[in-house]
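As a starting point, one isolated chain is supplied in structure tokens, in the form predicted on its own.
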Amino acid sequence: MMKILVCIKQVLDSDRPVRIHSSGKWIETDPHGLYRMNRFDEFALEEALRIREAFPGTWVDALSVGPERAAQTVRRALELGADEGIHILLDDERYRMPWETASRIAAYAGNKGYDLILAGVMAEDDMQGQVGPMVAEIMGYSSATAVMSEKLIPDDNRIYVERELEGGHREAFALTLPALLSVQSGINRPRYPALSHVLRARSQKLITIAAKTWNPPAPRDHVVCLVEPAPVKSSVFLSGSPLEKAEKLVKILRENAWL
């Protein structure tokens, strides 16, 4: 039986206002805010479910590292069709650098015998795409990033992938299993949850493990500070007749050396 682990992250809904915390180290958390699964991770989960459909008997786990509220996102993965949900529970809301998150994922997955680990190409909140490759490095898995297509051949113990390059080009690889893939958006079309999965997810118990179960990894980097972007210059509205507006516009362009 093939085992697949999908790494998912809970992020603040992008439609909500984002404010920097007074510490300057991360954004303010909103207890009443809307949180959801990182959209890039939705493609990774969908790809795992499609592999399971192509190879019956495949088992799909979904794992998230986060505070108590992240359990909602793990349960969402169950609603979409994951077989098991794992929540590595953090005891506070502070921001974790990719190395900390990757170390905890690898600590859990290290002895579970996963043939394939899938992750989104990046996270929406910090735009980091490092957790997946770091997990692969810690666990000694072969890996590929920005994967746009994959073809799994279990009998050959390999997976064939194409990854996206700049300019619309693609690079093809044959990776020996076990492997980790960071999946690019657009590789598939994520499905809507089936009613049977939604009902199952309501009662299924999550595997919850306190992050302090493992000794925290020695930090390799840290956030120095976050700052708001500089405000853009205010707009200037030109008044007068069309000729007067044109003359004012030409003057502004010349003063700024744009003409």
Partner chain sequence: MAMMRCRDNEIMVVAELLEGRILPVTHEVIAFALALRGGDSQFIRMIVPGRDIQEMANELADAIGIDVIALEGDHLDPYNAEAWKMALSALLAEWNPRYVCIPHTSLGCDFAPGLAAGIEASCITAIEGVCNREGLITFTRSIFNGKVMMQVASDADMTVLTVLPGVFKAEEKFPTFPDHKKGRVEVVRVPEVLQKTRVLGMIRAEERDLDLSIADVIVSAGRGIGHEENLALIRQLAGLFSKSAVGCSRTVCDLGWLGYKHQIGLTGKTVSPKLYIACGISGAIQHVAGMSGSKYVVAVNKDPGAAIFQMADVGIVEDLTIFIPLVIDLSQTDPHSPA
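Positions refer to the first chain, counted from 1. Between two forms, the rigid core is the largest collection of C-alphas that superpose within 1.5 Å. Keep in mind the model is a prediction, meaning the values are calculated, not measured.
Omitted here: the form predicted together with the partner chain. The next part is about that form.
Although the partner is absent here, Val227 sits close enough that one of its heavy atoms falls within 4.5 Å of the partner chain in the model of the complex. Of the heavy atoms in Pro219, some are within 4.5 Å of the partner chain in the model of the complex. Looking at Met134, you'd find a heavy atom of it within 4.5 angstroms of the partner chain in the model of the complex. Under a 4.5 angstroms non-hydrogen atom cutoff, the partner chain in the model of the complex lacks Arg94 among its neighbouring residues. With the partner removed from view, the residue among Arg39, Arg50, Arg69, Arg191 that has a non-hydrogen atom within 4.5 Å of the partner chain in the model of the complex turns out to be Arg39. This chain appears without its partner; in the model of the complex, the one residue of Val198, Ile209, Ile27, Leu206 with a heavy atom within 4.5 Å of the partner chain is Ile27. Contact with the partner chain in the model of the complex, judged as any non-hydrogen atom within 4.5 angstroms, is confined among 69 to 77, 82 to 90, 168 to 176, 107 to 115 to 168 to 176. Taking the partner chain as positioned in the model of the complex, the residues of 121 to 140 that bring a heavy atom within 4.5 Å of it are, in sequence order, Met122, Glu124, Asp125, Asp126, Met127, Gln128, Gly129, Gln130, Pro133, Met134, Glu137, Gly140. In this overlay on the rigid core, Ser203 has a C-alpha that sits less than 2 Å away from its partner position between the shown form and the other one. In the core-superposed comparison between the shown form and the other one, Gly240 has its Cα shifted by at least 2 Å.
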